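Shown next as structure tokens: one chain only, the form predicted on its own.
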């Protein structure tokens, strides 16, 4: 019960049509709905209505993020926990927040991020038959990742928001980078037995570092890099390996400047596993295992 996984991210973009063209033709997401100021998209192997919402706005960055919960009763349980912490969430019925939206409990986390807990988003299927399906639909466009994977956020008090996500939302800590003074610089948290569904990096409250899409193997990262290069998309880093999570990634930017990642690899995390700890001195290797250092540009965020 409770949170199942990352559901979606709502991303601000100043030019909605340009951003839509990028996410549809380069990333290869599928449009499922459109309103005057939003475009709703999903990755091909996702059954739910959307995992990315593009919001027309004067600035770029993250408007909100959502986690899927298993039962509608989970919304009541989690709303009660939030109230016990002095956080009064707002409730929305299915459809109130736009096409395909489910029953939602919305609140602002201690990190400054607007978080939706969602049950019952419309299911639209993955384009494959339920009997004797092929491995993937024909005619996929661009990179075509199967699904959203994780989101990387920034805030001033990583210790505090990590404790909040663990105690209120039952996330499990898989890895952490510890500062020399004993505070958490970076934490990785999961609900899906993967290395992370959400991570927090020390920075400004409400900061948005990147949203990541899953691909199946290393060769898919190469295909992603080829696709970005062909379309003139700026590649920031990779394909490369992370020390923390043991995953492999490729970083690039949408036309507004929002950072995307393709991610693959990692490991299975059991609930009784102990988290892995990295020291501040090894932070470079934790983030980029091959390079052993972090480019200062990688530390930039959007709020």
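Residue numbers count along the first chain shown, from 1. Computed from a predicted structure; not experimentally measured.
Below, we refer to the form predicted in complex with another copy of the chain, which is not included among the displayed structures.
**Student:** Of the listed stretches (88 to 96, 211 to 219, 151 to 159, 72 to 80), which one has a non-hydrogen atom within 4.5 Å of another copy of the chain in the model of the complex?
**Tutor:** Only one stretch qualifies here: 211 to 219.
**Student:** Honest question, do 44, 147 and 248 all end up within 4.5 Å of another copy of the chain in the model of the complex by heavy atom distance?
**Tutor:** Yes: 44, 147 and 248 each sit within 4.5 Å of another copy of the chain in the model of the complex.
**Student:** Please tell me whether any heavy atom belonging to residue 38 falls inside 4.5 Å of a heavy atom of another copy of the chain, as the geometry stands in the model of the complex.
**Tutor:** Result no; residue 38 lies far from another copy of the chain in the model of the complex.
**Student:** Considering only heavy atoms, tell me if residue 275 and another copy of the chain come within 4.5 Å of each other in the model of the complex.
**Tutor:** Residue 275 belongs to the contact set for another copy of the chain.
**Student:** Does another copy of the chain come within 4.5 Å of any heavy atom of residue 20 in the model of the complex?
**Tutor:** Although another copy of the chain is absent here, residue 20 would stay clear of it in the model of the complex, with no heavy atoms inside 4.5 Å.
**Student:** Quick check on residue 126: any heavy atom within 4.5 Å of another copy of the chain in the model of the complex?
**Tutor:** Output for residue 126 is yes: heavy atoms within 4.5 Å of another copy of the chain.
**Student:** Considering only 131 to 164, what residues come within 4.5 Å of another copy of the chain in the model of the complex, judged by heavy atoms?
**Tutor:** 131, 132, 133, 134, 135, 136, 138, 147, in sequence order.
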